[in-house]
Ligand code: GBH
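Coming up is one lone chain in structure tokens, specifically the form predicted alone.
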């Protein structure tokens, strides 16, 4: 079994602004929909908010030193749109811009490549109040303006930009009437959600174009949590079925971006609720990207089913299927092989990154002050073995960003789940690297699975 990665493989960590920064009211930052949502009674477990989070706004130098000590070559992080433009548009908040300049320069000085995500769900509240957020083309326009401004401001030191993180979470889960309830907490019908989806895709495409215009030498991509389809058995019929399922089950987001069209199966399924669009809009949505970032945590197991009109069937997870502390994370190490493989085979993508992969564990400091999170090491080791399989077969997987550097605010779950390889005491804000941090550090140093 191959355990080694190609020379130059990128090892990094990942975070998101609202989850780690804190400093909610510092230095002119405007409120985001997550500030409002987290302060709404009953929305977040235990009434937690991101007001302080990990206080990275005031402790970024400490976190950069941790990354350097771990030997990480890159760090993926998002910008708080409302820290730069407090109302999402108009006057720039120079103190917010200066903060990100310090953070980026600090990473560079430590030998860590900054990978910037422009949007990780924390929409400026003003855009929600004034235009209905992602229901409006005004928000799309202002997002493109914001992307262009950031690329112009940081294009001298940032080589890699991601427009958007995980469409489903700030469209369906945020504006729809399903069980998931994310900020701003909408109640739209299927037609309304489909237009929100389309607007988000259009924002991505316009963002790509704005970044290219402002920073022509930069690489541009996205970080999408596309549904990962895995053949239940590795035979040709099941593999072919899983590849087809991957394309069709992601028709509303990633496939539309990569192919510049909505698949007929998607439009037929949506019927009268399908999004309204023009050919010109689809051309913008499919603006070429330099890389595809793929966030991945669980698999959808697929079997070939000739009796089905689709030719495949999605198999349920049995009650005894292994999972991590957050029960939605089913242990499916094959995802880090099949997702890159299908992205490459379907769309000939030559630069693929795992931009999120990790798990929550019920970490506790022992009497000696250590966290022996062997469960997280088990999770990482097995997923990295599948990633090594991908690279050994010539699949152009170029890097891995572990989610997450720090324990942080886990959205509607507050601080009840810990995803970090570094423990954060949310009372004292003391950082303590876990055994998994030591493990990832050694893997990055050796460039192979240990």
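Residue numbers count along the first chain shown, from 1. In this text, all values refer to a predicted model and were calculated from it rather than measured experimentally.
Form predicted in complex with the ligand: not shown, discussed below.
S.K.: With the partner left out here, if you bring back the ligand in the predicted complex, are 78, 291 and 400 all within 4.5 Å of it by some heavy atom?
M.R.: No, none of 78, 291 and 400 comes within 4.5 Å of the ligand in the predicted complex.
S.K.: By the heavy atom within 4.5 Å rule, which residue out of 337, 262, 154, 182 makes contact with the ligand in the predicted complex?
M.R.: That would be 182.
S.K.: With the ligand left out of view, which of 173, 142, 85, 253 would have a heavy atom within 4.5 Å of it in the predicted complex?
M.R.: That would be 173.
S.K.: Mind telling me which stretch in 143 to 151, 295 to 303, 211 to 219, 229 to 237 gets its heavy atoms within 4.5 Å of the ligand in the predicted complex?
M.R.: Result of the contact check: 295 to 303.
S.K.: With the partner left out here, check for me: in the predicted complex, does some heavy atom of residue 19 sit within 4.5 Å of the ligand?
M.R.: Taking the distances in the predicted complex, the answer for residue 19 is yes, it comes within 4.5 Å of the ligand.
S.K.: Report yes if any heavy atom of residue 415 sits within 4.5 Å of a heavy atom of the ligand in the predicted complex; otherwise report no.
M.R.: No, residue 415 is distant from the partner.
S.K.: So in the predicted complex, does residue 419 come within 4.5 Å of the ligand, heavy atom to heavy atom?
M.R.: So residue 419 counts as contacting the ligand.
S.K.: How about residue 410 - does it come within 4.5 Å of the ligand in the predicted complex, if we only consider non-hydrogen atoms?
M.R.: Residue 410 belongs to the contact set for the ligand.
S.K.: In sequence order, which positions of 137 to 167 have a non-hydrogen atom within 4.5 Å of the ligand in the predicted complex?
M.R.: Stretch hits, in order: 165, 166.
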